[in-house]
Ligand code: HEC
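Consider the single chain below, provided in structure tokens and representing the form predicted on its own.
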Amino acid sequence: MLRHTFPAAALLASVLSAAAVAGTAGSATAVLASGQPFGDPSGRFATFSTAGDIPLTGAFFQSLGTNDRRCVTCHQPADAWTVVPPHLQQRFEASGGRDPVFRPNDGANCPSADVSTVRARRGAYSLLLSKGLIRVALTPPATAEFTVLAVDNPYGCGDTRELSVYRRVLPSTNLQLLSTVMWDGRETFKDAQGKFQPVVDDLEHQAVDATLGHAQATQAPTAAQVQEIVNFELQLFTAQVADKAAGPLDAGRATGGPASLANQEFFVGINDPLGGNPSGAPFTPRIFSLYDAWLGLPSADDDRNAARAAIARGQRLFNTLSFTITGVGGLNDATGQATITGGCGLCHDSPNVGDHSLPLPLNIGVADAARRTADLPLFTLMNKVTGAVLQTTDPGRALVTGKWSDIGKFKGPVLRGLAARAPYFHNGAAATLRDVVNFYDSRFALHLAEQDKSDLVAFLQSL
């Protein structure tokens, strides 16, 4: 086999034609070396594959629909297997807005948007270009506990029956560490006994839906194609490998990077704080231990050690911060406790991963009407029983379950590889990790000192 490796600058374009490479080169196969580093704002990240080098061929890289999209179109290796605005903007300029990622069905703010000229396309795809948001069209269940009274959509898209919401593309890596597929969990299912089925089954269902929806296929992919896509995804583990200031994140007995992540123990319910751990082991708020070896490093006159010490302090803060949690749908109401004293690990409990190990959609207020920006819609909902009225920029999980209590709920994503995939939250509301920290500082009255904020950012961008 002829082996090709690609530097970061060339890979973005190369993966788009990977299938063509395989089709025209006969026995030659384009591959990405496992561990190939890519630059991001704070350093470098990489993807480790449990299968060795990463072939840029197969169903994940093939057009299975009618609009020339492939899985890789929206899940780019150089973007930590999602898409990010700077590279989307490059793709727009290089193609005049005709790259397959720019398709009206969900790439545009509204499928009826004018895309006849470059200028028109720039406006039609403004949310994708500015925040990496795609449009998701969802209809509330017929049994919904609420009625949609009004829709204020700045793009004239959607009505009170089919709602257009706008969300970030989730990464197609670290999937073995997931408990919930999709922001609203609509691809997470239970078996006949009411138990959550293995995530591989959810991913297979999601691969079919993505092909029929995003790629506008006229028929579902074959079972073999679905299996090939899911097998490929489950081999990938992505994490930060180097920090501009701290250097390699596995130096000095630290265990950052994707290789150690691939060996991280995980099972559904691990370290669950609400009693859902099938092993019966008690919850521990000490979620991350990657940088324990860097605690207490002498940093005087040593910039690298100072940066490493900051990361370690941020990790310690993440593990030890204690604050009062109030008004979090899915937590306070679910436990019947108006106030809960806890920390970051209460919602990010998976060890050295940071997502919730059980499906636990939460409403932390990101979609609240008070946080609406002019580029997002506003939905007015009314409870059918109580007559209560609520406004939100995205009903979240409620569009799947129809439950009033699920309005504004979303899953917490895997935290590894964060630095490479800004902006953050389901709607891209936080442009930077500092914005994320500021959100939590304000939302939960943490009263963090500036040093604490800097340390938390240093830690988060090292994941």
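These numbers come from a predicted model, not from an experiment. One-based numbering along the sequence shown.
What comes next is about the form predicted together with this ligand, which is not displayed.
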> Though only this chain appears here, would residue 54 touch this ligand in the predicted complex if you measure heavy atom gaps against 4.5 Å?
Replying inline: no
> Taking heavy atoms only, is residue 206 within 4.5 angstroms of this ligand in the predicted complex?
Replying inline: yes
> Looking at the partner-bound form in the predicted complex, is residue 84 within 4.5 Å of this ligand by any heavy atom?
Replying inline: no
>> Would you classify residue 228 as touching this ligand in the predicted complex, given a 4.5 Å non-hydrogen atom cut-off?
In response: no
> Taking this ligand in the predicted complex as the reference, which of 144, 245, 390, 347 has a non-hydrogen atom within 4.5 Å?
Replying inline: 347
> Among 163, 177, 169, 381, which has at least one heavy atom within 4.5 Å of this ligand in the predicted complex?
Replying inline: 169
>> Within 4.5 angstroms, counting heavy atoms, which one of the listed stretches 395-403, 46-54, 421-429, 33-41 is next to this ligand in the predicted complex?
In response: 421-429
> Is it the case that 91, 249 and 295 all touch this ligand in the predicted complex, with a non-hydrogen atom of each within 4.5 angstroms?
Replying inline: no
>> Using a 4.5 Å heavy atom cutoff, which residues in 210-228 contact this ligand in the predicted complex? It's fine if the answer is none.
In response: 210, 211, 214
